[in-house]
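Listed next as structure tokens is one chain, alone, in the form predicted on its own.
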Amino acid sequence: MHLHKIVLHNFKNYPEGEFVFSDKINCFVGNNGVGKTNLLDAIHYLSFCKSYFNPSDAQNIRHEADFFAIQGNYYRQNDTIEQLQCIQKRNQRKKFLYNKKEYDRLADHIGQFPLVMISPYDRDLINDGSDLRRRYTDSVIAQFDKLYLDDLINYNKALHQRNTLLKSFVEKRYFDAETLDIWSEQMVALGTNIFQRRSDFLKEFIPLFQHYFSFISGGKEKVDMNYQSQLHAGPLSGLMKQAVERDRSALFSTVGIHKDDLEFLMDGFPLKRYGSQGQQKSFVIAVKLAQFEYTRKVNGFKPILLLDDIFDKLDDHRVQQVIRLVSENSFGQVFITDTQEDSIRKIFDPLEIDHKIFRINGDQSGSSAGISSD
């Protein structure tokens, strides 16, 4: 599967734009702020029905415009053309269409056109709180396991209801153990399933991640992920019973899979504290490449890969290793942004691989203005 063409209308800084892509390597080059990353984000929209960077759809509409529209034409292996359209009007519901037929639920589209994005923002996985690492893990699993997604949604509903009840006990000065147990039992059943699915996923995912990190770094460092969960200490039912008094004092549920985390380690030490910028960037690149490989295995075909400004902070060896990987046949269509056109040409022009370089200069005043390719 590959994206053959994308057409933009009023998306971020693009009033209009049309791009026809190589089915292998596509490079967007230009200064910072000209719209290279916006193109990657438009491609991300077509796979996930949302921006990678901005949770507000309306804020992705070009200033003073009434809507944005993104259209993409894809080729499958049998050369059939499939068309996706995303249309967002101000103060209206977002529309997403497959071959001109609108989806009833956007969730039905997720996983149909798989894509993996690697961005400088991915370092937040290391530096931010556990919530972001849980969401990342859940997003990878949920693309291929709708039952997992349903369990996760229902667990969070039960958690919210239980926390609301704990607060109401204090406000109304009473305690109802039976009502609390109703939500506790739901959390136990759903949380146990989620814990097992996360455990199974990480057993498969971590070796893939370690393989890619070793390749990128040349085996210089040893990395690992430690799945931290209260459920390692025993069944969730027992843990929740033991925590009732603590929960009543805290006014929220202190035990459950909503407290899970991933500890990132390098040579046995926490990456967040001891890893250099280059090591941290290599780490998250390896995480995303493992996601690519996991997605390919589950789907049976190669996802699209987006690389946004990933070469900054990497030494020459690590850059060359990443390029070697994405140029191999195990990877499909790749999109890359970079500020240095000369560096990109030096890397790709000698390679016997189909590639296109698009120069973006930021003058998006008309149809395809500010865009040239070769």
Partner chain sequence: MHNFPSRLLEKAVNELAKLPGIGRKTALRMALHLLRNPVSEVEAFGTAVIRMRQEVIYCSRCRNISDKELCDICASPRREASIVCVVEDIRDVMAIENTAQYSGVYHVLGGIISPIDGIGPQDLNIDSLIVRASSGELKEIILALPTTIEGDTTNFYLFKKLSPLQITISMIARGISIGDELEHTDEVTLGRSILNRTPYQTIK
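Here the structure is a predicted model, which means the values were calculated and not measured. Positions refer to the first chain, counted from 1.
Same protein, other form: the form predicted in complex with its partner chain, not shown, and the subject of what follows.
- The chain is drawn here without its partner chain; in the predicted bound form, the stretch among 281-289, 294-302, 202-210, 176-184 whose residues come within 4.5 Å of it by any heavy atom is 176-184.
- Only one of the listed residues (86, 271, 190, 236) places a non-hydrogen atom within 4.5 angstroms of its partner chain in the predicted bound form, and that residue is 190.
- This chain lacks the partner; the member of 260, 151, 122, 247 within 4.5 angstroms of its partner chain in the predicted bound form by a non-hydrogen atom is 151.
- With a 4.5 Å cutoff on heavy atoms, residue 95 does not count as touching its partner chain in the predicted bound form; it lies far away.
- Proximity of residue 76 to its partner chain in the predicted bound form falls outside the 4.5 Å heavy atom cutoff.
- Using a 4.5 angstroms limit between non-hydrogen atoms, residue 158 touches its partner chain in the predicted bound form.
- Among heavy atoms of residue 164, some come within 4.5 Å of its partner chain in the predicted bound form.
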